[in-house]
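Same chain, two versions here, written out as C-alpha cells and called structure 1 and structure 2.
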Structure 1
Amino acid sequence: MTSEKPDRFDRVDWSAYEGSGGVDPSVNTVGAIGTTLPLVALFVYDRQFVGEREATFGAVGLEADWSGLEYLFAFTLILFVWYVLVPLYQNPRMTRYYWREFTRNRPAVVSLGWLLVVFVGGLLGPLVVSAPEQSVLAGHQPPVYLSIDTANVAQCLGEVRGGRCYGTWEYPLGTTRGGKGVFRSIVYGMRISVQIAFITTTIVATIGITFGTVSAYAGGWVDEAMMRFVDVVLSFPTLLMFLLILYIYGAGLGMFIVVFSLFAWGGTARYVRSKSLSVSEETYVSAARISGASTTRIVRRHVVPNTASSIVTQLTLLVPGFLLAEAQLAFLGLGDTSLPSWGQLIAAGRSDLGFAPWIVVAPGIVLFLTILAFNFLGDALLDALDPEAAAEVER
C-alpha cells in the first residue's frame, strides 16, 4: 500500500490554508471575542437601562458603578488573558524555557512578585478595603510605632504618652491632613496605576504595531510618508496638548491616558518597523512569498509573531514613564484631584513634610518600587525573549 507523498513547500496551495482568501480567526481571537460580547452587553445595559445615580451592579446588590474607563480596563484585561497568558499555556515547552531564562535574573523575579502584589491589590483591593474617607478629626494620625506631637493633631486616636500621639492599627500608615487613611489611598492608587499600565500599553501597542508593520512591509513612498508622520508625533509637545485639553474639557484619568497614549506610540512604531524590516529579509519569509502566500498571511504568520518578543520588552519599559508622568502632573496640581492616585497623595502631603513625612514617604516608596520593578522586568524580558538584542546592547 503506497502512501500519498506530502506536497513540496514550493507547491503548497496557500489559498487552501487561508480559507479562500478570508481571515481564519485563531482560538485566541474567538475566545477574546466571545469574552468581550458579555462586556459589551453589560455596557449597553448600563448606558440604556441604569439611571445616572444608580450603580452599575445595583441590581445584584453591589455598589460598584463602572465608568467608561472601567469598561476599557476590563477589555484590556481580556486581551491580556487571551493574547499573553493563554499563549503561554498553549506553548508549555517555550514557556518553561522563557521562565528558566527569566529566573536567572534574581532582581527581576523579586520585581515580578512586587508587580503581582500591585496588580492583585489594584484589582481586588477595592473589593476588600473600603474607600478612604475624609475625617478632619482623624487628620495627621501617625503610622503604627511612630508618634507625633499632640499639638499637630485635632484628636489622637491612639495612645498618648509624654505629650506625643502614637499610631493605631486602624490607620497602619497614618492619615493625611483631611483624615484619609494613607494605606487605603495607596491600595486605591494601585488600581489607578494598573489601569494606566494596561490601557496605555494596549493603545500604544495597537497603533504602534499596526503602523510599524504596515510601514515596513509597504516600503517606498508609503514608508517614507508614514515615518515622517511618526517624526511629527514624536516631536509634538504632549504636555502642551494635555494642558490645552485640560483647559477645555477638564482633568481626568481617561483624558490623561488617551492624550499620552496617542502621542507615545511613535517610538514603538519605529521599533516595530526596524524589527519587521529585519524579519522580512529572512529566508523563510522570502520562501513564503515566492510560494504564493498573500501579504496578509505573511504579516500575520511570520512578521508579527517573530517581532512580538521584542515588542513586549519595549512596551514594558514604556509603562514607568506613564506612571511617573501621572505622578508629576498630579504633584503639580494638573491632575484630577478626586482620584486617589499616588501622585495626588504625594501632593497632599508636601505642605506637611516637616511634621508628617509619612504622607509623602509611603506613596513615594511604593511609586519608586513600582517604577524600578518595571525596569528590572523589562531588562529581564529582553534577555529571556530576545537574546540577540541583548547581545547587541552588550556590544
Structure 2
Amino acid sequence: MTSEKPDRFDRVDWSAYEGSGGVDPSVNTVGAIGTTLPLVALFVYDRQFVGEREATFGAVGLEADWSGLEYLFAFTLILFVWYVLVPLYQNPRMTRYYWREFTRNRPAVVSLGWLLVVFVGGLLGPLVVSAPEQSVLAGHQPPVYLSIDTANVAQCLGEVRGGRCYGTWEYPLGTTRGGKGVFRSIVYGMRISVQIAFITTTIVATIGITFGTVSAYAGGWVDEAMMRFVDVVLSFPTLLMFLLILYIYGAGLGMFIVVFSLFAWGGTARYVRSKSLSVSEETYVSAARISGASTTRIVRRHVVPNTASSIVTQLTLLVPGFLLAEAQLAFLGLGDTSLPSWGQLIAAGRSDLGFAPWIVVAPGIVLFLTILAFNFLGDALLDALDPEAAAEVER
C-alpha cells in the first residue's frame, strides 16, 4: 500500500502507480523466492542423490528424514514469515495499533500464548525431546503424583506404596499400554497439528482469494459459473468423501490435508468475491483507476488487503475444524496409525480408559485447549482487524 502520504498533490509519487504494468517484485517476494530456492535445491538433492531409505540430512549427521509433507510445511513457513511477519514489521504503526486492540481482549492474549507454545513445541520440540519409544515393561505408568493399582502395571518404575504404583518424572504424563511416554507423544503431536494448520491454511487462502477475486472481476457468465462451482464445493460432504477415498485408495496425512483443504475454500471464495465487489465501488478504487492503476494492482493493493481481516478470522475458525477432523478419523482407527497425532493417542488409550484415563484425558485436554484458543483468537482478531464490527458490537 502506498502508505506514505505526500503533503501536496504535486508531490504525489506517480511512479508508484506507473510501475503497475511491469513486474516489480517487492522485498517480500524477493525474500520469499530467495529462501524457497534452497528448499527446492534440498528437495532435488533429497530425491536425486539421497537413497530411498537414507535420511535427508545424513550427510551432516542428522537423523531427520523429510517427506514431501515436510517440504510443503517448510514452504508454508517461508510464506508465513515473508507475507505475514515481515509486513507486520514493515508497518510498525499498524502493528502497534492491532496489538493494542488485540490486547484489550485478555482471553485472546492467553490463547495466543498457548498457540505459540504449540507452535514452538511442534517446530522445535522434536529436536529437544526424543521420540516416544515402545517398551512393554514401562506400560501404563501413571503421571507424576498419581497412582495406579500395581495389578495393572507390568513393572512399576516409580516407588510402590500400599500396593499402588506412583508415577515418575521420566514420564511426567504417564505412559500408554505400549510404554510410550504420553508427554513426548503430545509434543510430537504438536508438530502434526502445526503442519495441518499451516498447510491447509495456505491452500485454502490461496485458492479462496484467487477464485473470489477472479470471479468478481471476470463478471458475467464466468462469475456465474464459478459461483455455482463454489456451491458444489460448499455442499460437498467432505468427511464422507474422504472416507470414500480412504476406503478405495487408502490415505495418509498428506491425502487428508489435500482433500480437506480442497473442499474448504468455498466460504472464503464467496466472501472474497462479495467483498471485492463492494470494495471496487469505493471511491479510492476509482481514484486509483483514474490514476492509471491496472486491475491487477487494484486487486493486490486494495481489494486483498481489505478482505484480509475476514479471511484471517475465517481461517482461524477453519483450522480447529481440521484438527478435530484429524482427531476424529484417528479415533475411529481410520487415520494413519503410524502418525504420532493427538487423535491417535486418544484412540490408543480408549480400551484402557477404566484404569488409565490419562492416556485419553491428557491429549484430549490439549486438543480442547488448542481448539478453544483458536476460537478466542478468531473472536479477538475479528474485533482488532475490523473496527466496524467492533463498533457495531459496542454501539
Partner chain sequence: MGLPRYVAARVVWAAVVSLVIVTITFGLMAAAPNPAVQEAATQAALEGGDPEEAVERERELRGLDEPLHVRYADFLRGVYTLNWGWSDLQNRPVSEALSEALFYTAQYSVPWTVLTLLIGPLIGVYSAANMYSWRDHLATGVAFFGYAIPNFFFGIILLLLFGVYLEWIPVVYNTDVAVFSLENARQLAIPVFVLVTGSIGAIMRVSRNESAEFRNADFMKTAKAKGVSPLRAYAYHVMRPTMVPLSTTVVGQLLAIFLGSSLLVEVVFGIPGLGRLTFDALIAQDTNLVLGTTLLFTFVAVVGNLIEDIVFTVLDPRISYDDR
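One-based numbering along structure 1's sequence throughout. This one's a predicted model, so the numbers in the text were calculated from it and none came from an experiment. Under this definition, the rigid core comprises the largest set of C-alpha atoms superposing within 1.5 Å between the forms.
Remark: the form predicted together with the partner chain is the source of structure 2; structure 1 originates elsewhere. Relative to the superposed core, Ile248 shifts its CA atom by 2 Å or more between the two structures.
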